[in-house]
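Only one chain is shown below, in C-alpha cells, and it's the form predicted alone.
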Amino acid sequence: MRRLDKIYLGTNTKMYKSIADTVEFLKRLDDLTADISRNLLELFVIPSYTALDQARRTVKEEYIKLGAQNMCWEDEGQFTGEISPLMLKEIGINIIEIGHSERRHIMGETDEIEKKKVSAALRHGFTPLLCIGETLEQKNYKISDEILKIQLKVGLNEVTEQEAKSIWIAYEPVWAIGVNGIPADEGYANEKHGIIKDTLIAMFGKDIGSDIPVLYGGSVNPQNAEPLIKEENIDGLFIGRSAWQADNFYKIIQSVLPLFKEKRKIF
C-alpha cells in the first residue's frame, strides 16, 4: 500500500494540556477510533514534553503515534532548556515536529536550524514533520511559492532519497494559524500543496517525492475540513484547537475519512 492511500490526521496541543488532560484525551480518542483500520488512517498527537512519557504508556503506537513539538539537533551538550533526540527516543516517540511557525517567528529559528533538526531526527529513526508556510506579508508580495520552495530546499537539503521516504510535510500558512487565524480556502491550499509536491518531486524524484505526505494545517475546523480533504493535493490535516476535545476530533475524522476514500478510490 502506498503511503498516500491512507489519510494523515493529527493535532499539536501546544502549551495547553496537563499530563492528566493529555492522558484523558488520548484514552478517549483511542476508544473512539478503535474500529477504524490503521491501513486507512495515520493518527497522531503531539502533546507537551511533560506529558510524553505518560502519553506513551497510555496508547500503543500502532494506534496513535506520538510526537514531540521540538527537538535539539545535538545528542547532548551545553544546551540548557533543550531536549535531546536520545531523551525522546528513550520514551518511544515516533514523530518530531520541526519548524512550526511559532518556533520560526517567535523563537527565531531559521531554515538552517530546521535543516539540522531534520537531519538529527532522521539519524535517530524518527519521522520528521517539517512545517512550512508563508507570512501574510510574503503572501501579499506574491512570493509565497518562492518562500515554500526555499523552506523545503534548505530544510531538506541534507536528506537522501532513501531518507525522504520517512519525511512528512505540513503546510501551515502563518496567517492562518492561531486564535485570530484566517483559514486558507481549499483552492488556495490545494494550489500551494501542488507547489510543495512539485518541489519534492524535483528534489527526490517522482516515485519518492510524490509519495511524501503533505498535510494542511491552519485553522482547520469542522466546517472547512471536508472541502479541504476533497482537494487532490491534500493528503491529511494537521488540526489545532478543533481537535483538542477527543469527541470533536472524532467527528472530524468521521466526516473526512469517507471523502478521502472516495478521492483515492479506496473501496
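The numbering used is simple: start at 1 and walk along the sequence shown. Quick caveat: nothing in here was measured; it's all calculated off a predicted structure.
This protein has a second form, the form predicted together with a small molecule, left out of what is shown; the following refers to that one.
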### Summary
Here the chain appears without its partner; judged in the model of the complex, the stretch of 169-177, 114-122, 135-143, 72-80 with heavy atoms within 4.5 Å of the small molecule is 169-177
### Query
Does Lys230 reach the small molecule in the model of the complex, with heavy atoms at most 4.5 Å apart?
no
### Query
Going by a heavy atom distance of 4.5 Å, is Pro213 a contact of the small molecule in the model of the complex?
no
### Query
Though only this chain appears here, would Gly240 touch the small molecule in the model of the complex if you measure heavy atom gaps against 4.5 Å?
yes
### Query
Does the 4.5 Å heavy atom contact test between Val220 and the small molecule in the model of the complex come out positive?
yes
### Message
Residues Asn190, His193 and Asp235 are flagged as a possible site; in the model of the complex, is every one of them within 4.5 Å of the small molecule by some non-hydrogen atom?
### Response
no
